[in-house]
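The chain below stands alone, shown as structure tokens; this is the form predicted alone.
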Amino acid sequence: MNAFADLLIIGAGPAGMAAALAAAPSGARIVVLDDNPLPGGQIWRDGPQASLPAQARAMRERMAACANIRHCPATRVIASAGAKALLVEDPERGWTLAYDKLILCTGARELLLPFPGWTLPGVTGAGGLQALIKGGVPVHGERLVIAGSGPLLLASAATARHNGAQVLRIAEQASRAAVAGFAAQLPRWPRKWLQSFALFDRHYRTASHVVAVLGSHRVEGVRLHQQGKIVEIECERLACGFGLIPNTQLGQALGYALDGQALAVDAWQAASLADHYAAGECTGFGGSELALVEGRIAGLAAVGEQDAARRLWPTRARWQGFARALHHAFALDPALKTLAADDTLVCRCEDVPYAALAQHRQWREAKLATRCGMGACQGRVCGGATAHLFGWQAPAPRPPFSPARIQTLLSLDEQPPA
């Protein structure tokens, strides 16, 4: 296994694969790390019940055919091991990997907001439901409600229905006018326009959001605020996601600057650190098309192909326009900040309720007083929730960035393997 990479790419989703393939003709030694067993990221996630797009299969095959690209699956970054070096771990061992250039393609995760009953068994994220189904979880015959915001709700519903679930309601918090305005712009991006026809669902309702989950030991039903009225729907499962937020923790730990909630990059996808780049949803959510072109620009720029990278700027600008329209249409209603009751858990790992957090002024203060963010997820869920609810910015994580074996941590003092 390579102990040095001319170009290290972290994340093998659309952006990471595009970056590797764009850089490969240069002959650079390229290493692609990803914590999933197969390339594709969350959007092209594989599994027993997954149906991969032809584009995803083709990019996998092209990566596998490149002798200078080494894909390291099921591999996580544990810590920084000095300037331009990282401590990483796979299921077999840990080692130190040095690099000349780095592209972060760490993607995004769902924003989960707390409301009464959201911790009951049977409640997942909208994207989480897709991942579970693709991984083999059976939903045939189950009655589902899908709620939250954004096109992911429709995609999740389509996946569930294809696998035999009964989708009873899709509750979109954005207004009818906002969604209609977004739909009217879709002909500017014909592929998205055609996708919208394929995903249309008669159970879709705008100006609707979850109020509470009904049930004592697991989901038995959902209470919704639907277009000004309260309705209750009996169901076995609720999938609820309020959009996506960039995964910036590793970038912050390495010293990348932020632009709002995302990693800051320039026209070349270069970050604030020399020889460091970022692409895809860690720089802002905009869909797979934007991630792909950003990845290509970053890969080309990292190997010195500025002219080729510049020719892709108009394509990126086109998909950035789609991202702006998406963010505007599905901006979250401030009323969603009031869903949690005083006793609603915000930090599920450490059982910290909303009332215990509301009296604090910042993340660090709340963490010290309540242990919020100190559980198994290390703030990945409650950090996004508290940022939305209270405007708190979580600090850069401390190593280890992921659970690691003692042997791996000890290897920080060893020479990297040949």
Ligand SMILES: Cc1cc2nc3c(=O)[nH]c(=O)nc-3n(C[C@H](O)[C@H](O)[C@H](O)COP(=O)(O)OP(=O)(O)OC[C@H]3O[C@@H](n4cnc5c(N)ncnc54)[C@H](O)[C@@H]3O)c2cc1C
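Position 1 is the first residue in the sequence shown; the rest follow in order. A quick note: this is a predicted structure, and the numbers were derived from the prediction, not measured.
Just so you know, the form predicted in complex with the ligand exists too; it's not on screen, but the next bit is about it.
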Next on the checklist: Test of understanding: in the model of the complex, would Gly41 fall inside 4.5 Å of the ligand by heavy atoms?
Outcome noted: yes
Checklist entry - Though only this chain appears here, would Ser288 touch the ligand in the model of the complex if you measure heavy atom gaps against 4.5 Å? => result yes
Checklist entry - Can you check whether Pro246 is within 4.5 Å of the ligand in the model of the complex, heavy atom basis? => result no
Checklist entry - Looking in the model of the complex, any heavy atom of Ile10 within 4.5 Å of the ligand? => result yes
Checklist entry - Which one, 161-169, 279-287, 211-219, 178-186, holds residues whose non-hydrogen atoms are within 4.5 Å of the ligand in the model of the complex? => result 279-287
Checklist outcome for this item: Partner-free chain; cross-checking the ligand in the model of the complex, the single residue of Ala239, Leu263, Cys105, Ala298 with a heavy atom within 4.5 Å is Cys105
Checklist entry - Within 4.5 Å of the ligand in the model of the complex, heavy atoms considered, which of Leu250, Val346, Cys235, Val293? => result Leu250
Checklist entry - Can you tell me which residues in 106-130 come within 4.5 angstroms of the ligand in the model of the complex, by heavy atoms? => result Thr106, Gly107, Ala108, Arg109, Glu110, Gly127, Gly128, Gln130
